[in-house]
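Just one chain is shown here, as structure tokens, and it is the form predicted on its own.
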Amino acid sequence: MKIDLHTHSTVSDGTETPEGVAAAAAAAGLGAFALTDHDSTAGWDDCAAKARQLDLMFVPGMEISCRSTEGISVHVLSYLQDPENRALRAEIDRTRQSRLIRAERMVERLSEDFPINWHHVAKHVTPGASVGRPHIADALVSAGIVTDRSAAFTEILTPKSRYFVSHYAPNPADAVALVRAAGGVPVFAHPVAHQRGRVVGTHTFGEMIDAGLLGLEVDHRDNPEESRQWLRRLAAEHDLLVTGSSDYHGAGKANRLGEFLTSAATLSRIEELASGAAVVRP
């Protein structure tokens, strides 16, 4: 069975609805997939319902935006957590609100130089979605300022630009602990993705492992091949799960469903370790 445990919908920065992601998963020949929208579980119900119709296994998940003590962006995938856990929800709500304020400030700065305002950005945000830079990028594309999302990030929305504004994000070790307390299985997403910017050192890995990290997303297009071998050794040393995923965003990125996969044995282990939610079966 082909299993892809990292996808995004319009609930965060993907271009397909949760139902659309399920349909795309079926078209790609997957047997199981996870929806892991940024800081949101709002797409779970719709995605699960469509997955049942299509005879697919659905793994409820989320990708938590974090920041290390060095100021480096870190993403933690959370599988099968209790979506109603108060402590985790409070932290996610704080991040989502900070993301919104940050986006509004970035658009204010951009409006000084480009013909866009918040109205243009809001048109690209699905109700209830986590607002992020990709929505601003889509507005820039619609206005004809750049050709696509990639160009927007490279030319205008880079962290080095004067338009960039940071937002609140929890420490990754704290996020890991919150996920575990919510009955979920935390996995470090694309942990050595150098092309995205700075990556954390061994100290942060150690903090996350001490906090209860249960896996590493090793097979991902943004992890260099030589670094994947180091990740496999680290996983073996600390008895961590090894996952592989596409990080699918629909038309938002070149990543294709099923380009990297997770084994059925690993998915079974995730189910065994989780106590917050369950895999949805047809």
Ligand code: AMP
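Nothing here was measured: the structure is a model prediction, and the numbers come from that model. Start at 1 and count along the sequence shown; that's the residue number.
One more form of this protein should be noted, the form predicted together with adenosine monophosphate, which is absent from this view; the next part is about it.
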Next on the checklist: For the three residues H38, R102 and R196, which mark the spot I'm curious about, does each lie within 4.5 Å of adenosine monophosphate in the predicted bound form through at least one heavy atom?
Outcome noted: yes
TL;DR on 26-34, 213-221, 227-235, 249-257: the one with heavy atoms within 4.5 Å of adenosine monophosphate in the predicted bound form is 249-257
Report task. May I ask you to check whether P83 falls inside a 4.5 Å heavy atom distance of adenosine monophosphate in the predicted bound form? Result -> no
| said: If we define contact as a non-hydrogen atom of the residue within 4.5 angstroms of the partner, is R96 a contact of adenosine monophosphate in the predicted bound form? | reply: no
* Closest heavy atom of R180 to adenosine monophosphate in the predicted bound form, within 4.5 Å or not? -> no
So in the predicted bound form, does F205 come within 4.5 Å of adenosine monophosphate, heavy atom to heavy atom?
no
Exactly one of S150, S142, T126, N117 comes within 4.5 Å of adenosine monophosphate in the predicted bound form through a heavy atom, and that residue is S150
Of the residues spanning 1-16, the ones with some heavy atom within 4.5 Å of adenosine monophosphate in the predicted bound form are D13
